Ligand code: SAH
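Only one chain is included here, represented as structure tokens and corresponding to the form predicted on its own.
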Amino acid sequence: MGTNLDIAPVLGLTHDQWIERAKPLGVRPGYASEIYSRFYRTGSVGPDFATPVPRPSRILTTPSPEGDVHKFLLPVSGMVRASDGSAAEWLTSESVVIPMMGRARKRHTLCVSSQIGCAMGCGFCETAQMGLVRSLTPDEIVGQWFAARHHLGHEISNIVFMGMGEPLDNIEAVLQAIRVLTDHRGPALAMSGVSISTVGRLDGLARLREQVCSTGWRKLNLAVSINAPNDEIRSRIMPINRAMPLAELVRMLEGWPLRSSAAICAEYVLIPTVNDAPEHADELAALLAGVRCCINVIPYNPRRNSPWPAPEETAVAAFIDRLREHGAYVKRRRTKGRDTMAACGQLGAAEIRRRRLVELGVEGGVKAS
């Protein structure tokens, strides 16, 4: 006999939180535990749930040397409507499954969104052109993992909060989602396989630092979008820098509580004519000299109507070589998914730009196909 449960609490709660939530519903702790583990391990909902599991509404595929990159859209609650009153659009989160070749086998990284749109306004980012529509709830974040694992069929080794949105603007929902994703009776991801990428909000970093210092969180990875060697350039392409300049951000990173084998990922989107000159590499190396970090050089992926092209490979290589001459630890982000707007900085639905949120709930099973 079914128990007529709502799917959202199971997606948004840890095992122990779910046991407590299920008690007033008349579900015995032992059976509630069985429901939880079966749901995450097999994807089976059985007769217990009255609401459907979120399914991707669209999947876009781009081939890469390591396998297909899959970008998928997942319907969430709410709609947006243009100011002229034209037809509303259902909201969707966007996620990307990225194949990665490991030493022994292929692994998959899932890039998840924490918001629909973003309020940070970075000029090089497609998502920023949407503005912020709304933040996602913990169950909507975890639902992206569920869709990748059980609908697309991929074993997910790593989760990166590098999709739509600024994770530290939605930090409590992000932290709760991580609790669920790393629950050993649920998705059971390793904390060392989870990374949060931020533009460098100092208030959010202070909250995240507090969490990282607590039991079980020391292995959480941090990535910070630096993207410029000085305040003049960074303020031009990243408005957050006007309120929280580089010197303050670097001081925060210099004191970050890292385990002995870890390093911060300092992300640097390389944009032609903006931040790619040899002297920019010199400045960047000096800026980050006191931060234990890996500089991750990301060749710019043009957004729609971009004023800049993608950089030439020779320019990327020259910039990396210049950094290494200063003794910097540098890696190059491999470009995957550019053709389907699935690469770094390209997520975001053009059709919901400049639209306002319509307070409508999900009806008729729109949240699932």
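Each residue number is its position in the shown sequence, starting from 1. Everything numeric in this text was worked out from a predicted model, so none of it was measured.
Although it is not shown, the form predicted in complex with the named molecule is what the next lines describe.
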Pick from 93-101, 119-127, 249-257, 134-142: which stretch has non-hydrogen atoms within 4.5 Å of the named molecule in the model of the complex?
119-127
I'd like to know whether Asn221 contacts the named molecule in the model of the complex, with contact meaning heavy atoms within 4.5 angstroms.
no
Verify the contact flag for Asp276: yes if a non-hydrogen atom of it lies within 4.5 Å of a non-hydrogen atom of the named molecule in the model of the complex, no if not.
no
Find out whether any non-hydrogen atom of Asn241 is located within 4.5 angstroms of the named molecule in the model of the complex, and reply yes or no.
no
In the model of the complex, does Glu267 have a heavy atom within 4.5 Å of the named molecule?
yes
Just to be sure I understand the contacts: of Ser197, Gln176, Thr182, Ser77, which is the one whose heavy atoms reach within 4.5 angstroms of the named molecule in the model of the complex?
Ser197
Which residue, Ala147, Ile295, Leu284, Met162, is the contact with the named molecule in the model of the complex, using a 4.5 Å heavy atom cutoff?
Met162
Listed by sequence position, which residues of 27-45 have a non-hydrogen atom within 4.5 angstroms of the named molecule in the model of the complex?
none
